[in-house]
Every structure is written in structure tokens, then in C-alpha cells.
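First, one chain by itself: the form predicted alone, in C-alpha cells.
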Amino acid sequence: MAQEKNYDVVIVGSGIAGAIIAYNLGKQGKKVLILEAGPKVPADRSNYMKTFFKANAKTPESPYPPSTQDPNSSTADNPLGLPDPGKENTPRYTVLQIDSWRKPKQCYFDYQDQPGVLSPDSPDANFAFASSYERIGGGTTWHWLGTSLRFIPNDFVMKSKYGVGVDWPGGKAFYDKLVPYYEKATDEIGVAGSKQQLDKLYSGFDGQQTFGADYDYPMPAIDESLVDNDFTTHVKNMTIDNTEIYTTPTPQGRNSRPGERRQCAGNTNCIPICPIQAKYDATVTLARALQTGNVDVLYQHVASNIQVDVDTDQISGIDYITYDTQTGDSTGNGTVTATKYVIAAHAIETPKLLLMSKNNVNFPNGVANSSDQVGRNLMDHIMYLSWALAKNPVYPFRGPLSTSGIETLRDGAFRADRSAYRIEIGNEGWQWAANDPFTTLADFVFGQNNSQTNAAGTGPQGKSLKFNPDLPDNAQLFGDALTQNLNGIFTRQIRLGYLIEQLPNPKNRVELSDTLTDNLGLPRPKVTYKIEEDYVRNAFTSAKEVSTQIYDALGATEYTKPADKPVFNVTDTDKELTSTNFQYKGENYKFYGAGHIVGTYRMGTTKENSVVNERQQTWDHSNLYLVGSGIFPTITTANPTLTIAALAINAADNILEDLNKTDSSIT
């Protein structure tokens, strides 16, 4: 299909980074075209809500296309009915696929085999990646939590200050340059927060200040929950690794007051979908971009190749494939051209596209990949979960999923020896930790004890776990007795999540599968993912110990279940290989994903050690920019979305500057 308009910029991906760049360039009169692989943003979210309500598993991806479960696919070998990603035009990795990581007809990613016979604590073990993403208009912000924390200056100098990881280009100076963009990002998202509380927190990190002198959040903070209050009241005068800990209200991208979007109604459903759009998602910015009149979006256009001019090494076009239905045949193809190009397709799909584009004479290993850094240093905040019953009712399952956290352990001298982490306080009871309310309900209806509340047993503190000592083990209840027992448990459920900082490791990478393709014939990602470093594993040891100390302070009873022993060798057992379990210092752990997919085309100081410079411009092609969390040299200690947004606004300024130089040279 012939291109009908001349564009200044072509962007691949309509998530938060792509939408922000399109909006900021559109406001300046630049003509922008977005290629989006997924379906268009719906007029309202009712159909996504219906899909979510009908989904058997309420996972982060469950409301969105393509369907995460297909009853027709359910077999003894595929009990969850996972659809075959080889028959989908825009498959993506979902959390339901994690335990099916060795089954290519159920899992989108291809994985490396285990490297020989391994002990349970081997640092050489390969694991399943534990986080997912979306390929739809608006991107993964459809199911983000809304946490809008800034990084801290020491996050940018990990190598020079603590001797681990790498520094960001310019170190703390990079952070200083980012501050005004953080403020713009906070305004764009519409963050509700308490400047006073965050000033107190950040000033504790070597007296660092993170706000401009005259800046405040657009909206007051979301009210803290009763769960938060229980932690705030009892977590006092506690010191961990010579660091005082206390709770801090979490700044959030959701409305605390009515405005352009509705006020948060506390549905505790932020993930997978805010039913009333009180929470920001990128469709908000995408709509603003379209309203400039300078931005066009082509949905269901899958970028398949990046063309490079053989004489100039400039990007000369992006090829795409179209489709009408998710499992139907392709319906066409074409090429779009512009002056500048931006790839904003997330930290998995962006390197995949760069690596697929290997038919260019000067770049046989893929576009922007002369450094061999494309796809490397894949990271996530790997999570340790713990859970307990509070001494008295705290009434969870209300409010946003999380409204406070313990942030003071994001930095300190301990960071030379172990990963830092922030501790998220959950408002959703044991929903994530133990699949409640279903698990406990089933226990007391069918006489089971999967929640550990319905039979004799002891937990990490040595306390009895049986909730009602007057009941027999494996009691079966009905009527008022069932209701009263469940109310007693559900109203006391609390959960902590530790977001552990993972180091960049070039072995952790995204490549192209040699054998697996999607329905369009495009190669699927091949992922290698390890947790090699004692530095990271030490943080799990710390998190386990700190959890018990905190629950002791609350007078709570801890129910955190020990993980199963990892199974790495098929020859040793008839069990399936475990996906996210590992052993360290004699303890078995299970890690979870935070949904923070980072690295794979990192920013750096030279074209030998990185893919893009600090302007987010590729070293190899001056008219190609890569944005999103893939450019982060380290994952740092905060949820990434606010920083993704800040860097996208910065990238828009850089692209605008370069476009204006181009225009000036033409005239």
C-alpha cells in the first residue's frame, strides 16, 4: 500500500513512551505516524471488563486480546487451555505460561536448555522469566499498578559508589537533568502524592533532594488504607542493616480527586484493569496526541523489518505486515518512511525487531547492534512475597492494590553487599500470595488445608497456624459457622512484596528462536534468564528475615510457605522442571515477577558498551531512537513507569531538536 502522507517521525508502539513522544511532537506541528501491532483502543472498556469477568484466571493479561485461555485447547497436558502462540498474529508472554516454559505450543518464549546436571543451588541454572506485557493500543499501562516513584541519585552511580553494576551516563548529573522531566511526567500522568512525605524519605538518602524547589504533585495523596495504618502504627523504632524503616504513602498515577478522569473508587482491581479509568493509562496520552491533528495510528500493523540505507547507514523505512483477525492469514504488507524513527515496542519486542532486521549489508547482526548489546542485560525486579494474618481485623480487599510501602531500604551502605529493595504493602489480602479468597473458601468447604488455616501446623515464627483451635483439623463448615470463620480470616490478611534490584548480566538476554515462529512467520523470542549473583540472592535471605521481624512487631502470625525444592534435571525425577524456584544457603525460594521488564538495548557512554547514547539515539543510526525501559543501564530501586515517561519527554525534545536542525539545513 502506498504511503499517502509525508511524516516527520514513525513510531513503532503506542504504549506510554510512544504515546508521549507522539503527543509532544504533534503539539509542535510535527507529523507523526504510529505503527501498533495490536488492536485499536476501544471506545470504552466494557468489553475488556466482560472478558475479565468471564476469565477463569484473573491474571494481569486476562482482559486483553489475544485470549489468555481457550477452553478448546484444554487437555491433560494443557489443563489451563493455553492457546498455541504459533497460531496467533500478536502473541505475548503471560504469567499463565511461566510454568509451561518448556512447552512451545503453550509458551510464547523459547528457552535455553539447562546447562548439564545442576545442584539445587547452582548459579548456572536457567529460569523462566516471570513478567509479562501487552501488545495492544495503549500498551502495558492497561495493567500497571500506578506506582509513580522517582529513582534516587545513587541509583545512577552503582558502579562508582558501590562497586556493582554500571553507572548511568553522567551519573548523578544525569539525574539532575532528569528532574524537570520527572515533573513533566508527573503532570502528564496526573500523580497523586504527598511532597512532604517524599521529601522526608529522599532527604534520608545522603541528604538527597529529588524535587524542584517549587514543585508539588498535581493531586493530594490517596488516603492510606487500614492495612497501611497497621504497619505505620507498629513499624517504629526498627532498624534493618543500620537503616531505620518506616512506611511512606506511595505516589500513584490515579486520581485522588475528580478531574479529567474519575476519582479512584477503591475497587482493588488496578491490576489487571481499572474499571472506571481512575488510574492513568497510555490511552489518555494517545487521545491527546490524536487531538493535535498531527498524529495518525495504524493498528494491526506488525513491524517486521527495519531498512537501512547502505551508503549512509540511516534508517530508510520500516516494513510491516497487516492482519484482520488474530488467527487469520496476513492481509498485506508495506513500508512506511519518515525523517526520524522511534522504536517504542517494549524491552522484549524492541530487541526482537532489531535482531530480525539483519538483512542489511552493514549490520548483519541486526539494526543498531554493532556492539552486540541488543537483547542483553534483561532484568526485572524479582520479588519475594510474604504473608500473614494481622492480630486484629484490618479489612483488606479495599482501596488501590497498594497505597504505601517501606522505602528506606532502597539505599544504604549495605548496597555494596546485597541488592536493595523496596517493600510494597498489599491491600489485596492473600489474593496474589495464595489465590484467595478462593483457596481459603475451598479449604473450609471441602475440608482441605492449602491456606494452612484449617489444620495444625507452625509457621516461620513457630506460632500455631490453625486459625480456630476449637475446630477439628480439615474442618468442613457451612452456614453461619463458615461465614464467621472466613470473615475472621479474610479481614486479617496482609501481604508484603519485596522488589529486589537485579544486576545487569549480559548472559540474561533476548535472542531469536531458531525454530519457533508466530502465525505471521516472525521468529519468537528466545530467552536466557539466570540469577547468578550472591549479591542478588543475599537480598532474598534478608527479605525472609525482615518479614518475620516486621510481623513480630505487628503481633501478626506469618503464613509464608516455604518454596518447593527446585527441579533442574529431568533425569533425576519424573517431576516437571521448576520454573522460578531456587535454593540458597539451604533455603528454598520462589521468585515472582514485578512486570518491570528492563534492559536489552541499554544506554551507555560508547558505541562499544551500549546501543544508545544518553540522548536515546542509536550509536549506529543517527535518525533512529530507542525508548522505554530497555534503555535503562540498571533497574534501580523503583517501579520504572514514571522514569520511562520522563525519558520519553526528554527523547521528544531531542528528536524535535534534531528535526529542526534537519529543517534548517534544508532551507
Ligand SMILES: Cc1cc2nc3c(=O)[nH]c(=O)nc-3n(C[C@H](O)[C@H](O)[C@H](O)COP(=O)(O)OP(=O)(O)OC[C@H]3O[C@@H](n4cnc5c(N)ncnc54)[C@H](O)[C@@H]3O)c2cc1C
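Quick note: we count residues from 1 along the sequence shown, nothing fancier. All values reported here derive from a predicted model rather than from experimental measurement.
The following text describes the form predicted together with the ligand, which does not appear among the structures shown.
- Although the partner is absent here, Thr140 is a contact residue: one of its heavy atoms lies within 4.5 angstroms of the ligand in the predicted complex.
- Residue contact check for Val9: none of its heavy atoms lie within 4.5 Å of the ligand in the predicted complex.
- Although the partner is absent here, Leu642 sits close enough that one of its heavy atoms falls within 4.5 Å of the ligand in the predicted complex.
- In the predicted complex, the ligand sits beyond 4.5 Å of every heavy atom of Val510.
- You can rule out all but one of 539-547, 119-127, 298-306, 465-473: in the predicted complex, only 298-306 has residues with a heavy atom within 4.5 Å of the ligand.
- With the partner removed from view, the residue among Gly165, Gly595, Pro249, Gly426 that has a non-hydrogen atom within 4.5 Å of the ligand in the predicted complex turns out to be Gly595.
- Between the ligand and the residues Ala37, Leu624, Val32, Val612, the one pair within 4.5 Å by heavy atoms in the predicted complex involves Ala37.
- Contacts of stretch 510-528 with the ligand in the predicted complex, defined by any heavy atom lying within 4.5 Å, are made by none of its residues.
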